[in-house]
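One chain is shown next in structure tokens, namely the form predicted on its own.
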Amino acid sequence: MTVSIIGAGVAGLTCACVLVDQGVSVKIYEQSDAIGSNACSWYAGGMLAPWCESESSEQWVLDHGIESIEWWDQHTSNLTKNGSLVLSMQRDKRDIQRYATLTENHRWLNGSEISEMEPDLSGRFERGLFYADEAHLDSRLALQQLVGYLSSKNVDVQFDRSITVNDCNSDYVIDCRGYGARHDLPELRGVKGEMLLLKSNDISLSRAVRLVHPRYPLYIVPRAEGLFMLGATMIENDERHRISARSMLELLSAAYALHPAFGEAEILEIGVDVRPAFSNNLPQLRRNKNTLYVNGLYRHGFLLGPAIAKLAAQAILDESKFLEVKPCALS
């Protein structure tokens, strides 16, 4: 059996790894010039936080997100398993209480416990929530490591802007183009996300920190060499080329509220892209002839990528499961 995969973001690469691990011959095509140059995976925070995400997500996200942490631990070397910290300003204490009510597998921290866990946040917060079993990774390094793993299995990514489903000479095709597949998946919508990559040597964090916000979740994820990923907005449109002044101000204000040292941080990069989502914000498999569409990962690409890849592999390897997949409503 041969399988061609179009799209080398987190969905495509996890599908490729799962299939290769089961002995399937795989070819990967990417419609851009480099890994990450045309994928919202490149701008992901890389948080593997199923319990935190359950604050606003379905049970499916929690159950399959938990499974994915182990998968990433087996396929990358940059997983940081220090848990997640959720904080709020004093004025938002009711919001963090609500957050605690909607989630599980956490414990409350007092100010001294927060200071012990993150010394640079000493004296800044009176209470917080700690999710000990969560993790985070550097999403860009993780993508590169998956490419390296596949290369070790003699599977390389071929870059071809013109490649289409019809060009793939294989038994099955898996389409992992994200929002690029919107013309084939008319139910797909775009959710704009904006992020900043900051550099500061004046503050150190050892885990992902979420700051409860009345309108949307904000997070800061530490990376190596004083880098921090700051995100992310969720705007219901498909604009993918500019950040708004309002979003920039709110993201930077949140970082400054966490610690004033971020006021002197260097902005290394501004990222804007569109997350692909269906109406229920859950990923889906769709089929059309011998093509399987893997899409709708929304803001859970790294958290749910391995889980949806396993379902895709099951469908490819079992004809009866493939036929059970809901057909595309092609426009």
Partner chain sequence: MPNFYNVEFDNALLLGTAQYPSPAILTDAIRHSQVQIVTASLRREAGGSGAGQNFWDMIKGLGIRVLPNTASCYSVKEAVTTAHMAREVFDTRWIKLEVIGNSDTLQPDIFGLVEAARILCEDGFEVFPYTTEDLVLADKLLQVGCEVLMPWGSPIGSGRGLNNPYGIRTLRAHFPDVPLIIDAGIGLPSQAAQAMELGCDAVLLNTAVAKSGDPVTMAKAFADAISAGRAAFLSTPIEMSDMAQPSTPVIGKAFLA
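Numbering follows the first chain given and starts at 1. Computed from a prediction, not measured in an experiment: that's the story for all the values here.
If you look for the form predicted in complex with the partner chain, you will not find it shown, but the lines that follow are about it.
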4.5 Å heavy atom contact, Arg107 and the partner chain in the predicted bound form: no
Proximity of Glu225 to the partner chain in the predicted bound form, heavy atoms at 4.5 Å: no
The partner chain contact in the predicted bound form: Arg189, any heavy atom under 4.5 Å: yes
Non-hydrogen atom contact Asp202 with the partner chain in the predicted bound form at 4.5 angstroms: no
Complete contact of Arg161, Asn290 and Glu319 with the partner chain in the predicted bound form (any heavy atom, 4.5 Å): no
The unique member of Glu264, Glu269, Glu67, Glu58 whose heavy atoms fall within 4.5 Å of the partner chain in the predicted bound form: Glu58
Contact residue in the predicted bound form, chosen from Lys153, Arg94, Arg124, Lys81 - any heavy atom within 4.5 Å of the partner chain: Arg94
Stretch from 250 to 258, 94 to 102, 167 to 175, 115 to 123 whose residues place a heavy atom within 4.5 Å of the partner chain in the predicted bound form: 94 to 102
Neighbours of the partner chain in the predicted bound form among 224 to 263 [non-hydrogen atom within 4.5 angstroms]: Glu236, Asn237, Asp238, Glu239
